[in-house]
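Consider the single chain below, provided in structure tokens and representing the form predicted alone.
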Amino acid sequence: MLIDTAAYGNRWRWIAPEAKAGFTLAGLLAAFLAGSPVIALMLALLFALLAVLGAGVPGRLWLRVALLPLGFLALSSLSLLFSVTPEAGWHWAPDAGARISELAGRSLAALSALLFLVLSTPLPDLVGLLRRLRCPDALLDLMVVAYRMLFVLTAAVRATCKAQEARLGHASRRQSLKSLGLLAANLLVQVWHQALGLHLAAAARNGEGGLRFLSAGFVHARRDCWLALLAGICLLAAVAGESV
């Protein structure tokens, strides 16, 4: 998993998640307050540099993680090229350029801020932070279960594909299609068994209490939070000053 590789291997792994989440929230607010696409792009570049140069996330890994949401953003922006009116129907939007630049700039800044958070903070730390913020246990349990199921499915896909390759399951196009069908069927059965096991485990606890696990300790949490608060205030002040 690319995100977990970066989250556990970066230089800012042991910075308190409260600090990184607070600064990310400041970045999201700054993206909303950005008065021009140039400011929004500068914000996106700032958070990308913080992730790559500050936290030490490899640039190629950052691009690979960002590629899918960037593609979704590009497709969403293209939809603003058209406008629909009762009189003319579908036609080119007259102010498409300004609307697309504003939307894409702010969305890119928000995306970069969120990538900074998830690529520098492992999910167990984020779940622990949300639990301290009194988020509902049911929501956190769903997050943990979905997170763990990703690794189960990844391991199952790799094992099945390796077994199929050993039996020359991809020697021809017909064999590849057959192997793909068997892979989908195998995953369906494994997901069913895993879901049943999770249900039995929850029933054994009588549905009481959330899924708990040990969370990491952060020695300089107070210092990190104060520094993040100061940096967030400076960031918001700079963006608000430029947008006036």
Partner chain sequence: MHIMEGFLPFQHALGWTAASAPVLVWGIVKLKRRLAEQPEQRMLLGVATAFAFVLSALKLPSLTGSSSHPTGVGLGALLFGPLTMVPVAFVVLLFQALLLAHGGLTTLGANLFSMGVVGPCVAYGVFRLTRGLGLSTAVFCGASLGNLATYGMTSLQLALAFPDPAGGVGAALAKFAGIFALTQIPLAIVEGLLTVMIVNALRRFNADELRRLPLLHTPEAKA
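Just so it is clear, the structure is predicted and the values come from calculations on it, not from any experiment. Residue numbers count along the first chain shown, from 1. Note that the rigid core is defined as the largest set of C-alphas that superpose within 1.5 Å between two forms.
As for the form predicted in complex with its partner chain, it is not shown, yet the points below apply to it.
- Item | Triple contact flag 110, 139 and 184 to its partner chain in the model of the complex, non-hydrogen atom at 4.5 angstroms | Every residue of the spot touches its partner chain in the model of the complex.
- Heavy atom within 4.5 Å of its partner chain in the model of the complex - the one residue of 189, 219, 63, 204 that qualifies: Going through each option in turn, the one that passes is 189.
- Message: Can you tell me whether residue 53 touches its partner chain? I mean in the model of the complex, with a 4.5 angstroms heavy atom cut-off.
- Response: The answer is no: residue 53 has no heavy atom within 4.5 Å of its partner chain.
- Message: in the model of the complex, does residue 157 come within 4.5 Å of its partner chain, counting heavy atoms only?
- Response: Judged by the heavy-atom cut-off of 4.5 Å, residue 157 is in contact with its partner chain in the model of the complex.
- Message: When the contact criterion is heavy atoms within 4.5 Å, does residue 58 count as touching its partner chain in the model of the complex?
- Response: Contact with its partner chain, no.
- Heavy atoms within 4.5 Å of its partner chain in the model of the complex: does residue 84 have any? Output for residue 84 is yes: heavy atoms within 4.5 Å of its partner chain.
- Query: Out of 135-174, which residues reach within 4.5 Å of its partner chain in the model of the complex, heavy atoms considered?
  - Reply: Contacts from 135-174: 136, 138, 139, 141, 142, 143, 145, 146, 147, 149, 150, 153, 154, 157, 173.
- Query: Taking the rigid core as reference, does the Cα of residue 148 move 2 Å or more between the shown form and the other one?
  - Reply: Where the cores coincide, residue 148 still shows a C-alpha shift between the shown form and the other one that is 2 Å or more.
- Once everything's superposed on the core, is residue 98 shifted 2 Å or more at the Cα between the shown form and the other one? No, the C-alpha moves less than 2 Å.
- Message: Aligning on the core only, does the CA of residue 129 end up 2 angstroms or more away between the shown form and the other one?
- Response: No, residue 129 moves less than 2 Å.
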